[in-house]
Each structure stands twice: as structure tokens, then as C-alpha cells.
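This document starts with one chain, in the form predicted on its own, laid out as C-alpha cells.
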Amino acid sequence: MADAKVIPFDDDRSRGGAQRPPRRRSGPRRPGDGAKARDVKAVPSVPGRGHTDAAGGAAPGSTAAGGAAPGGVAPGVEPQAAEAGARGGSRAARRDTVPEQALPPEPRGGGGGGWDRRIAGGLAFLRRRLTGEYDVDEFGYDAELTDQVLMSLLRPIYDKYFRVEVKGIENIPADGGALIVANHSGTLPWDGLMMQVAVHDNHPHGRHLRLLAADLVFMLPVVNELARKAGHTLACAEDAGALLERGELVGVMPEGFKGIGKPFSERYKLQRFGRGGFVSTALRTGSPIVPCSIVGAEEIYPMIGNAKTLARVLGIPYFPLTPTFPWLGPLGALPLPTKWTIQFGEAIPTDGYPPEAAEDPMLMFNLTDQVREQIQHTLYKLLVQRRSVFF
């Protein structure tokens, strides 16, 4: 693998190593053919027989309503059925006068409709995949695939394995562009994926988080395509600005490889936030900055060493050595089931600054330091409140 070229977030140069795929849009999505209401014709009443009208109600004088035909037994009706109707009629009518516990259990079988809908939805999804009748945006984001497949795969890890607790989700705006800035840790970037699920599943408006990733992500086979489909893009000012101007929710982790690859002894100590490129982009677009603190990711792979020579040979930023990896082989790559907390802080507005503020280095430094200090302070507070790493 060639040496990974990391492009700073605040670099406005054209991207080299990882190229954005040509802007394309698959065939237009066909509007779903909704179920058409069928004309319901009224069934003509038959003298002496019970029937229901078009709305499902019992017709006057029918045995379905609990009434008896003149003479007690209607023509063509078995005596047992007439007797049952005389004793109380339909179950719906009896429910008004008889306690529910006294009624016999209703036959099962009504739950099959849910499975039918799921199977039909799955077949329709496969058909759209095969025929190309789905939409992707200019960055390659596939909303349908993300919602129905990728989120479904990540959700059990989020809910059952890491048992993520989310706080402050109300601080994320209901609409419009916003930049979420979070700490980065954990040797492998599970924290970004869990933050994406946290926003998607907990925000009252179901917003999608578009993460900015290093170009190494887009140089790896399979990972590259999945990252594009999930809505992620290169960590550069051009892509971030385009997404924010479109009103998207964008996530960035300014520590980069310095944060994710730091040793276990420096856990929860924020690394340098670069030159403040994310602040400059937020100022240019007038987007609020939402600080985000993640506790729990530092312990999933306790990094006790770094094989730097092997990392240079493989062309990767670091080669982690943990208590289980590489000693246990693939099993050592399994993260520890720590308990996570993700807290979103109060948004820092930027729309009150003039347009030329994005070129003011002192202002960018102050805002960058403000965001960093708020994240660090929240990390310390969450660590004090945490009872255990795993519970």
C-alpha cells in the first residue's frame, strides 16, 4: 500500500490521492404505486339473513347485530347458529357488556400482515437495487441503502454491544447546516460510526450526519465504497462547505490520526485541533458549531505500543499493539464491550460575524480553543460521573 497522504481539513487545494467519483445520479426514482382504494359495493340484503354494510357495520335486523329474524330462525340458518346469535351475537357486541377476561381468546393469525409487508418491502428494495431505480447525490450518498441496510447493521453494536447513552441531542438544530466537532479515539474509528447512529436514531427530526474522513479511508477497497454510500466525504474545506451550504449536518474530528492513534496512557487528553480549518468553514457558511464529547471509545483497544517500522512498510499512520492484537490474530481485533456516552454541547453560533471574519487568524484561534476547551471540560465531567468502564 502506498504511503497514505493526509490532507489537512483546512486545505483548499484540489484533492489528489482519493478522487471524488464523477457526479452521477441513477435513474429517477419512480413514485410508489400506492394501494388504490377499491370500490366497495353494498351487498343486497337477503330477508332473514345477517349481513354487513359497505362500511363493515351490521345491517339493521341482521343476525350479525344480535337480532333474530321473525319467527326465531331465519330460512336456511342452522338452529345452533341462530341460538348462538340469540345468546349475544358478535364478539364486538358482547364486549360492551361482558368483561374481556370472560371472552374466549381470539384466534391467532392476524400478525402475518407485518411479515408480509416486510417481505414485500425487501423484495421492492432488491428490485430497485437491481434496476438502478434509486438516487445518490453528487458525493455518492445513498440514503435508502444507509437507512435500510447500513444503519441496521450498526444498530445492534450501538444498542447491545456499546450500549450508547446520548445526551444533549436537542442542541443539534432541527434544520439547516451545522458542524458537529467531536474528540477522536479508539485506534479504529468506531466513534464516528456510533455518533452517526446516535444522531440518526435520536434526533426528533431524524437528521443524517455526514462525516468528514481522511483520504486513507477512500483509498481502501470496499471501505471506500461503503463510506461514500453512507454519506461520508473527504475532510477538506471544499466538500465541507458544499454540504453546509446545502443545509446538511456535518461531522468532523479535528484530532485526526493524532487522536485515534494516541497511546492508552494519554486517553481522554485532547490532541491539537490543527489550524482551525473547521472554524473557517463554519464562519464562511454561517453554520453553528456543536461540540461533541465521546466517552468509552478510548478503552475498546487499549493501545500499549506502536510498531512504527511496520506501519511505514504498510503505508499506514500507525500499527497498534494492544493486549490482544496481534497476539490473538483476528480475534484480537474484536473491540472490548465498553459503556459509551455521547454528549452534544450547546451550539456556538457563527452567523453574527462578518464575512471577512473567516480570514481573521486570531478569531479562528479563539473559536477553536473555545470548542476544544468545551469538549475537554465535558469529557472530564462525564468521566467523573462514570461508574465503570463496562457498566
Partner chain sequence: MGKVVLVTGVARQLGGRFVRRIQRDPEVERVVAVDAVPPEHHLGGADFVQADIRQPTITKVLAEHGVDTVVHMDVTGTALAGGSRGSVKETNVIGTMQLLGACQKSPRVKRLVVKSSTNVYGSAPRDPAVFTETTPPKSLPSGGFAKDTVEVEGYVRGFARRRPDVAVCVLRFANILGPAADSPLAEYFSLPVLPTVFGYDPRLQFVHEDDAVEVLRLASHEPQRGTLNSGTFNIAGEGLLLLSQCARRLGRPTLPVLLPAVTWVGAALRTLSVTDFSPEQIRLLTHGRVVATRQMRETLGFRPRYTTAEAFADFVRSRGPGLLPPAALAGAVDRIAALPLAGGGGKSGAGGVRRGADDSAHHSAN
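Residue numbers count along the first chain shown, from 1. In this text the structure is predicted, and so the values were computed from the model without any measurement.
Missing here is the form predicted together with its partner chain; even so, the following discussion is about that form.
Peer 1: Counting any non-hydrogen atom inside 4.5 Å, which residue from A143, V149, I304, A124 sits next to its partner chain in the predicted bound form?
Peer 2: Exactly one residue meets the criterion: A124.
Peer 1: Consider the chain as shown here, without its partner, and state which of F139, Y161, Y318, Y268 has a heavy atom within 4.5 Å of its partner chain in the predicted bound form.
Peer 2: If I apply the 4.5 Å criterion carefully, the residue I get is F139.
Peer 1: Picking from 162 to 170, 254 to 262, 239 to 247, 185 to 193, which part of the chain touches its partner chain in the predicted bound form when contact means heavy atoms within 4.5 Å?
Peer 2: The contacting stretch is 239 to 247.
Peer 1: Answer with yes or no whether D116 is in contact with its partner chain in the predicted bound form, where contact means some heavy atom within 4.5 Å.
Peer 2: Yes, D116 lies within 4.5 Å of its partner chain in the predicted bound form.
Peer 1: Consider N224 of the chain shown here, and say whether it contacts its partner chain in the predicted bound form, taking contact as heavy atoms within 4.5 Å.
Peer 2: Yes, contact at 4.5 Å.
Peer 1: Should A174 be counted as a contact of its partner chain in the predicted bound form, where contact means heavy atoms within 4.5 Å?
Peer 2: Output for A174 is no: heavy atoms all beyond 4.5 Å of its partner chain.
Peer 1: Using a 4.5 angstroms cut-off on non-hydrogen atoms, would L220 count as touching its partner chain in the predicted bound form?
Peer 2: Residue-level check for L220: yes, a contact with its partner chain.
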